[in-house]
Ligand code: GLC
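Let's start with one chain on its own, the form predicted alone, as structure tokens.
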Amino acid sequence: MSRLPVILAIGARLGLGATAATAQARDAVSAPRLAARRWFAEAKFGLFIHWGAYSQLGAGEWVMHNRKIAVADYEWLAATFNPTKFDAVAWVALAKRAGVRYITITSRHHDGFSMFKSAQTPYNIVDWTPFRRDPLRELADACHAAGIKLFFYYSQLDWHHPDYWPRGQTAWDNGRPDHGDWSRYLAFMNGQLTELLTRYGDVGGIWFDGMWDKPGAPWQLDSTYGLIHRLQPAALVIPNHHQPPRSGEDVQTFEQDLPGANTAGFNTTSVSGDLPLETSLTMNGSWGFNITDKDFKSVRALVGYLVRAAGNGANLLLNVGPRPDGTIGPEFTARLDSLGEWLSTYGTAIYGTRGGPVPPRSWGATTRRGDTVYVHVLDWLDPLLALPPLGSRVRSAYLLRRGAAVPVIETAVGVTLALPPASADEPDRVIVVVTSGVAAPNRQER
């Protein structure tokens, strides 16, 4: 019997359009995954954490590759990793203050060093280092206690494992043998994914990275994705492969770019109309801890990224790179605390919204929840802001922060808002426009 009517009905209950539900039906998406996608689309703000043995060199997570460090030398470096000041509860408390709804942390990056206890290899933080603790276990416990979902970043690319063969585009002579067994590598990878999905309670999903190193390799994604969905039916697959989504994937993510943009030079400009969207962003210019990178974005700029992501119907996954001792630097914490303060006032215009009727513009963006449109004015000095039609008749408009009424002129060609001056401490003037849900007028009305 065809499952299409059942899945279409589930999609309707979750607020998904017929096109999305039909596409998901073809992919035989389960009810738990549909519900998880719905949750993810409404979460809007996540915290990305890039942390590993590479933090000791203070030059980012690609330092092994960039400095052409040999495997034997990097293994020695990893053996000295001892982040004695790591405090999972403090990390989660910071995330909670910032208003994030989920955390995505590197369980294993391209250097091949596992930040969790693994029976698949001794090259992990518990068996290889004097730390002897599993930080992912501690973080999972803290996240579960705080009601924050935990996602695991997992690198498909590996500069250490001998069976990652043939080498990919990032290869260099680092002392590995010039041979290997690809099927054995895939078994190793799936074995580690099984550990991550069976030892840490409910997991939000797996965030994959690195397939772009060998895009034409026989990755057997159907098998890996099927494994994930069997072990945790509500876990989402989020692939950072910079390509249009494939069967079995649940979120389309964009690295250092808003959906459809490609300023970074490697993202696809194709945007899924069916899947939740996400954009990942560094707070300075680095993912992993970089001791000399002080080019931090301002709080105003970060608010703008969060707003424009939401205006594109996407989440913002904002990154921090903890220090080698396990602490998160003050530049990160100050900005996260400021974002949390901003969201305590303006979060209603972000959380649980969809992209609004006006796509992001140079002046800002719009978000929508039901019949309410939130107009986010980020950069506009003139007293009047002209918008195209909002699709429904405007009933009222007011400032979210101050509650003051905003005069509106509505005509057949659009809506004009009379804006009050912006305050110096107000990076985003949010105008709440309440519509009636009926067609807009075809003549001018005041």
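This one's a predicted model, so the numbers in the text were calculated from it and none came from an experiment. Quick note: we count residues from 1 along the sequence shown, nothing fancier.
Omitted from view is the form predicted together with the named molecule, to which the following refers.
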So the named molecule isn't shown here. In the predicted bound form, which residue out of 341, 75, 255, 138 has a non-hydrogen atom within 4.5 Å of it? 255
Which one, 154, 102, 332, 287, lies within 4.5 Å of the named molecule in the predicted bound form by heavy atoms? 287
Three residues, 48, 212 and 280; all within 4.5 Å of the named molecule in the predicted bound form via heavy atoms? yes
Tell me which of 308-316, 188-196, 322-330, 203-211 has residues with heavy atoms within 4.5 angstroms of the named molecule in the predicted bound form? 203-211
Does any part of residue 110 reach within 4.5 Å of the named molecule in the predicted bound form? Heavy atoms only, please. yes
Quick one: does residue 62 come within 4.5 Å of the named molecule in the predicted bound form, counting heavy atoms only? yes
So, residue 240 and the named molecule: in the predicted bound form, are they within 4.5 Å at any heavy atom pair? yes
